[in-house]
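In C-alpha cells, the next block holds one chain alone, the form predicted on its own.
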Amino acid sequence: MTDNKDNRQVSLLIIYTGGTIGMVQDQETGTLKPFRFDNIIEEVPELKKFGFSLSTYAFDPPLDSSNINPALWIKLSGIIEDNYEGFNGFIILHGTDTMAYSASALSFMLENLGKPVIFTGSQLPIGSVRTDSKENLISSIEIAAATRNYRPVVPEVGVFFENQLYRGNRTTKNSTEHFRAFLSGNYPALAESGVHIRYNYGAIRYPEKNKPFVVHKKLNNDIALLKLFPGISRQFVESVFNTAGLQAVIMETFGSGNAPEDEWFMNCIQNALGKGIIILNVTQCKIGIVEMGIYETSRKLCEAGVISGHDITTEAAVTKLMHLTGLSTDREWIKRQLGTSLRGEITC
C-alpha cells in the first residue's frame, strides 16, 4: 500500500524533450505541431483530479528523438540536478526511438538517485482520438508521486509504456506498431497498471543510505558498435578497430556470445586488445545472457581478453561505456566496472 498523502504537497516536474506525445493536430492544415506545455492541463484535464503541483520545462525547439545525443543527456541531468530538491519526482516526455538509450544514460549519470525519473511517450499524438499518450502520462505521474513509508516507491530511472514500468537501463524498443513498444527481456517489470498500480517491490532498487546524490556529466563517445553477421568482411572489421581515438567496442555476437573462429577475425580482436581497446561482448538476442566458454566459438574470445556483457542491453552497454570512459582512462578499472552492476543493468 502507498501512503495517504495530501496531494497538494506533491510537486512534480514534467520535462518535454520532444516526440509524438507532445503533438496536436493543427485544425486548419491537419499537420502535427507541438502544443504549449505550460497549458498541459488544457490538453489533459484529467490531471486536475490529482491535485498535484505540476510544473513543466519544454525544450525549445522540441527534438525528434533521432537527434538526441550525449549533450542532451548532460542537459537533462543538469535540469534534474538543479531542480532535485524542489520536486518529489520527474517525468521526461521523449520520443520512442532513442528513449531506451536516454533512460540508460540517465541511470548511469544519476548516481544514488533517491527520486523517480520516469520516461514516457506515445505511439500516437496526444490530440488523436485513440491516443495512448494520456494513459502513459497519467500513470507515469501517479507512479512518480507514489510513496511508501513516506519515501518514493520507485526511486530510479524507469520507462513507462502501455501499463508496464520497466527499469530504464533494461529496456529496448521492440515495436513501431504496437502500443507496448518496449521490452525488458531480462528483468521483470517494476510496476504494472490496471485497476490498481501493482508494484514489484522486490525488483526495485533503492539508494544507499548516508551516500549523497551525485550527477556525472562527463561522457566519452569514442566508442563503436560492431554487429556481427555471417559473411562480415575483414576490411570492415579492421576499419572499425582502426578508428582514430577509439577506446572501446561493443561487439554484438551470436547467441550466448559466439563469434567466427576465422584466423583473421581473431587476429583483429587480439590486435585491438593489444592497442588497449576494450571489447565488450553483448548478445544480439533480446532475451538471454552472454556465457563465454560454453562453445568453442566464444572460448577464444574469453581467452583473448574480451569482456562478457552478461545480460546487458546494447543501449545500456553503449551508455555505460560512455559513462565509464568519461570518468577514467584506467582500462583495468573500466573492465572491473563493466563486470559490476552499477545501476541494476546486469544480473550478477
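Remember, it's a predicted structure, so these values are computed and weren't measured experimentally. Numbering starts at 1 and follows the sequence shown.
Separately, the form predicted in complex with ligand ASP exists; it is not shown, and the next lines address it.
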Answer for Q247 alone: is it within 4.5 Å of ligand ASP in the predicted bound form, judged on heavy atom distances?
-> no
Partner contact for D97 in the predicted bound form: ligand ASP, 4.5 angstroms, heavy atom | yes
Does S122 reach ligand ASP in the predicted bound form if we count a contact as any heavy atom within 4.5 Å?
-> yes
How about S65: is it within 4.5 Å of ligand ASP in the predicted bound form, going by heavy atoms?
-> yes
Pick the stretch from 89-97, 187-195, 149-157, 212-220 whose residues have a heavy atom within 4.5 Å of ligand ASP in the predicted bound form.
-> 89-97
